[in-house]
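One chain is shown next in structure tokens, namely the form predicted alone.
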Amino acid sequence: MTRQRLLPVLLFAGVIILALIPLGLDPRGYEMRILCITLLFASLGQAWNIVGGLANQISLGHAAYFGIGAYTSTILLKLFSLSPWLGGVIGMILAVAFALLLSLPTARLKGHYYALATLAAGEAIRVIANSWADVTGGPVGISVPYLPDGSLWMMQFSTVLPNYYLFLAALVVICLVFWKIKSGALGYRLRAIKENEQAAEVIGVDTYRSKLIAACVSAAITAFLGTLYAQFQFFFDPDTVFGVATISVKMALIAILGGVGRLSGPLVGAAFIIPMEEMANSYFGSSAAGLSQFAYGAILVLVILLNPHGLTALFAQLRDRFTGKGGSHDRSVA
């Protein structure tokens, strides 16, 4: 069986395994929360992978889309008792509008110039959210209204188990979107941009339009994940959802560590980083608050030195070494 045909089988088996994992855990336990956060950041990494992995547009402003989704659905729920499903859709529309506003002047930038532009835009949104206290709650934060008779329609449950399956369903859908983009015409155009943008333009690729579409799709996905996060946490503040280190950098780090441009990259990266970070914070607490960041920063450097294409490529390299297979790997497969 070829890798292209084997991949859907492996992904289906992975989804089944993930669906069965919570059955042996306490639905209100700490382990379930770690699993939920892992799935959430795997989805965020996959959303970032659309622009950062396929087109090599290193965005450090995705926290803006995440926060827009979280605040829009929460504010609409508080003011109008609007279902987070509908509020999340409105948040997606606003995030796409902001992505267009940001990308129209910056999509032609390359490398660190684009990264700095998105970073500045994300920080500007965080400052606005901190200052607009009448609506966002400012630095104090905002609470999601608790509904005793919560339901799937209101995204509120008595345990985190339904949240887990929501996050899992979101991850599956986002992976399918990524795979559809990657294997379609847009994906080929984005990879052409990544390899050589000038050459892509010479052969007729509309690089500007392709990057705009990728940015909008990524923004919409990230915004809806912000809505899921808000309904999961019930409380957040601007520094949490708009934070560069907590959201934007972590999204990029997860995709890079796992393997940018690969379907499996963010899944592997999130499965590695999030549990490690949570365990480090749990074991060391305030006595070594920055240890987890230092640890996975050091691991990221080590992985890049061993194989610059991330953990998935490193695992494939080790597998072939043990099985006696040589040769290069198709980096676009998974």
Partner chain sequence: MMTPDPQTAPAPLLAVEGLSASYGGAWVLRDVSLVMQEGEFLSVIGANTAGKSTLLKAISGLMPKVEGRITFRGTDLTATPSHRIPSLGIAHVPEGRHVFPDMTVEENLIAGAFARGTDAAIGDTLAHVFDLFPRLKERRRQLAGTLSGGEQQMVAVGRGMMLDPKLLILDEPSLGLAPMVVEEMHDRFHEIHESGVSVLLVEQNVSLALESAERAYVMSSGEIEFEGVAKDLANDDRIRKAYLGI
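Keep in mind that what you see is a predicted model, and the values were worked out from it rather than measured. Numbering follows the first chain given and starts at 1.
If you look for the form predicted in complex with the partner chain, you will not find it shown, but the lines that follow are about it.
Q: Hey, in the model of the complex, is N196 touching the partner chain, heavy atoms inside 4.5 Å?
A: Yes, contact at 4.5 Å.
Q: Do R126 and the partner chain share at least one heavy atom pair within 4.5 Å in the model of the complex?
A: Outside the cut-off, so no.
Q: Within 4.5 Å, heavy atoms only: does D239 come near the partner chain in the model of the complex?
A: No, no contact at 4.5 Å.
Q: Can you work out whether P148 and the partner chain are in contact in the model of the complex, taking contact to mean some heavy atom pair no more than 4.5 Å apart?
A: No, P148 stays farther than 4.5 Å from the partner chain in the model of the complex.
Q: Heavy atom within 4.5 Å of the partner chain in the model of the complex: which of L82, V89, I213, A192 fits that? Just give me the one.
A: Exactly one residue meets the criterion: A192.
Q: At 4.5 Å between heavy atoms, only one of the stretches 257-265, 73-81, 157-165, 184-192 reaches the partner chain in the model of the complex; which one is it?
A: Of the options given, it is 184-192.
Q: Residue by residue through 201-229, which ones have a non-hydrogen atom no more than 4.5 angstroms from the partner chain in the model of the complex?
A: The stretch 201-229, when checked against the partner chain in the model of the complex, contributes E201, V202, I203, G204, V205, D206 at the 4.5 Å heavy-atom cut-off.
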